[in-house]
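Taking the form predicted alone, here's one chain by itself in structure tokens.
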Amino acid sequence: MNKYALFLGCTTPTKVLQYEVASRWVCKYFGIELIDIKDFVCCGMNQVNLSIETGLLMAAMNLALAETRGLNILTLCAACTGALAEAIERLEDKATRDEVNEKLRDIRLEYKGKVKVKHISRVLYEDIGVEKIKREVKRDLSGLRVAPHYGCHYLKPRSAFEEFEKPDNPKTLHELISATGAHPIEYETLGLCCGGKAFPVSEDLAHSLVQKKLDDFMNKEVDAMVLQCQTCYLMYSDQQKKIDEEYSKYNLPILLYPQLLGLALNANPIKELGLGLHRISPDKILAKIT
């Protein structure tokens, strides 16, 4: 059995609980044991904006907590994945690691450089594999056309992710979607940012990024967008709702990948995948696959 320390991050358990619900169900289905570490703190992503040293120290604390238990980390948030993976890369420098460990000693921790961080999509892709997912499919999703959205931090920095994915030509989410039986579409704005990092500074800029991608889907017969980050979810779901108050032209359901996979595995959409928590109703998707 695969075993990981589950890193929920700050936003998922407070704003996108359905991501956690569906991810726990999918992991249990495939025999991935998730261990909760109550002492985990923020990944340090936002702290880096104010102090690189503080952000790195917070990331190192999380890494050390998992390391003391002999566990690698499974993340749901792409930004958390990036922050922790970049910290591992920076802490390869001995002087930096020694400086961080000097501070970690105050809470009786030490980072030794033995832990790895993997996003849930990567765990499913590498540990379970596309072929096994295909063999486990129980519900026909072949009638669904979905738009994959990777998110910036799932792709970059490439070096921190051991060359796992090619930012200029990503494929893993496409393959994971295809494994469920659904059809991933191709579209021009695939690599466009969701605008989540711009939102606190400029809502207009963030909304323009959301609109640009949604407009790209207008003539492509898209049933839903499928993504793998709770911040991306909030931008394309909640902010889409706000934009639609003025334009009323989108109403595109947004699914997190574990939810799409759970549907293919015949999970209960409401109780086990949290689809009832969505602001944009997924009813037309459910009607199409029932």
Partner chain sequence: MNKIKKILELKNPVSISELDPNFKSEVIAHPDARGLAACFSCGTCSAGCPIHEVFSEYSPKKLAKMVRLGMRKQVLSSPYIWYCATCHNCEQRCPQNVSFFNVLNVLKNMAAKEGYAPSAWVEQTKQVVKTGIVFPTEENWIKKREELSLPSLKEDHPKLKKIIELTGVNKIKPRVDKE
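Small disclaimer: the values here were computed from a predicted structure and weren't measured. Positions refer to the first chain, counted from 1.
The protein also exists as the form predicted together with its partner chain; that form is not presented, and the subsequent description refers to it.
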- Query: Taking 4.5 angstroms as the cut-off for heavy atoms, does Leu8 touch its partner chain in the predicted bound form?
  - Reply: yes
- Item | Any non-hydrogen atom of Asn49 within 4.5 angstroms of its partner chain in the predicted bound form | yes
- Query: Using heavy atoms and a 4.5 Å limit, would one call Pro170 a contact residue for its partner chain in the predicted bound form?
  - Reply: no
- Message: I'd like to know whether Glu245 contacts its partner chain in the predicted bound form, with contact meaning heavy atoms within 4.5 angstroms.
- Response: no
- Could you tell me which one of Leu252, Cys27, Met61, Ala264 places a heavy atom within 4.5 Å of its partner chain in the predicted bound form? Met61
- Residue among Glu126, Glu163, Glu92, Asp106 with a heavy atom within 4.5 Å of its partner chain in the predicted bound form: Asp106
- Item | Per-stretch contact check against its partner chain in the predicted bound form, the hit in 215-223, 130-138, 175-183, 189-197 (non-hydrogen atom, 4.5 angstroms) | 189-197
- Does each of Arg145, Asn268 and Ile285 have at least one heavy atom within 4.5 Å of its partner chain in the predicted bound form? no
- Relative to its partner chain in the predicted bound form, which residues of 137-161 have a heavy atom no more than 4.5 Å away? Cys152, His153, Lys156, Pro157, Arg158
